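Taking the form predicted alone, here's one chain by itself in structure tokens.
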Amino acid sequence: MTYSQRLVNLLLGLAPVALALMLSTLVLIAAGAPPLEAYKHLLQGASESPAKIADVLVVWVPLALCSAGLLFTFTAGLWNIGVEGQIIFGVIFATWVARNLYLPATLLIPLMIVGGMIGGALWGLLAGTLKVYGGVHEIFAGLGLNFIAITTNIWLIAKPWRPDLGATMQGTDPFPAAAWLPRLAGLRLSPVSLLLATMALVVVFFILRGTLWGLQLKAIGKNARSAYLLGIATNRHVLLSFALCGALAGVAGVVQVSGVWGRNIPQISGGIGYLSLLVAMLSGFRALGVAPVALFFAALGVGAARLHLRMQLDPSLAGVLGAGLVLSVLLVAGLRTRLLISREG
């Protein structure tokens, strides 16, 4: 690679960040807010104390888990939009375990994690089955299953799992202490959840990079028809990718219900499934890229609260930076493709 080509690649790598900052700066100026002060408050809001850093990691954990799972389906060329529903079914299965098994924490928490994995995997497998055997595009299957999962969870909270004091849409009764993930002293962060997310990223990295199955998934993603003609069992691998993605989303659900809220609530998924799609795309569908990109979005979400407290700005303005980054990455990716085509031509 020549020096000029390296320089072009470096500039193209930095361009999305520069373009996103420019777009966000223009929006802040239009809103009458000093851009530098707003950026300062965003950074301080996410890092000014150990509690804030812990809050960022609390958001990062389920986001990293779901994004890691999505790498399986994205590698196979599939748009698994149903992660939100897979999180919720992980929550539903984990809630059942917490409410019905009276065991010490050393047994109950692992069973909740296993239950969450099974719930998420089954819901993911259902989306895969609709794709493979029903001919339903995975985007439509995933969106439909998301709505079913949400309404199912709301019904369970309002009816069978309603609190003893009466029906409420605020959530179930708090879980027993044995069903809570252990937390660091004075913080909302559970070291167990942090370990689960880290392990998931490492395992996904090695599976996709260093195994025959990972290579077969890549072949399916490049050209499913050619992979089938070469003897790869495409349907089986597609279903397995959906199941593994759902299993990791189910673990994210366990983290939310057991490590953050301590009970099941209607908004338990918090849009993490949809946000993880952006994280996976911005990471370049690489496990090594998921951790920093997920950390960026987590810090953005936590730091946004300070915009309202200190500058009376709507916290949703922080979403402009994230949306601007996504748009910038897509624009630069298109430019990079055009440059490659022109070089080859």
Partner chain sequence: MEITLLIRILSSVLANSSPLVIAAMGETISERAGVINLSLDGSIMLSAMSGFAVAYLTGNVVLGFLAAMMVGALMALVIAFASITLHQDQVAVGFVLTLLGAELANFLGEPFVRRPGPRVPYMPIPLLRDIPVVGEIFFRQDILVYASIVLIVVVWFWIFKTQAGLRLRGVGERPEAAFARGVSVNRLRYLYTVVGGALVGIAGAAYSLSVKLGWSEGHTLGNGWIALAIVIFGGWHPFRVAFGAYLFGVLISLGGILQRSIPGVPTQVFQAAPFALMILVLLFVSGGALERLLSLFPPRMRRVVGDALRVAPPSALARPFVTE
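Residue numbers count along the first chain shown, from 1. It should be emphasised that the depicted structure is a prediction, and the values quoted were computed from it without experimental measurement.
Form predicted in complex with the partner chain: not shown, discussed below.
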* Does every residue of 92, 96 and 195 put a non-hydrogen atom within 4.5 angstroms of the partner chain in the predicted bound form? -> no
* **Location of the partner chain contact in the predicted bound form, chosen stretch of 114-122, 76-84, 99-107, 246-254 [non-hydrogen atom, 4.5 Å]** => 76-84
* Asked: Wondering, does residue 6 line up within 4.5 Å of the partner chain in the predicted bound form on heavy atoms?
  -> no
* To do: Evaluate residue 200 for contact with the partner chain in the predicted bound form, applying a 4.5 angstroms cut-off between non-hydrogen atoms, and reply yes or no.
  => no
* Find out whether any non-hydrogen atom of residue 47 is located within 4.5 angstroms of the partner chain in the predicted bound form, and reply yes or no. => no
* Might residue 15 be said to contact the partner chain in the predicted bound form, defining contact as any heavy atom within 4.5 Å? -> no
* Any residue of 256-280 with a heavy atom within 4.5 Å of the partner chain in the predicted bound form counts; write them all down in order. => 274, 277, 278
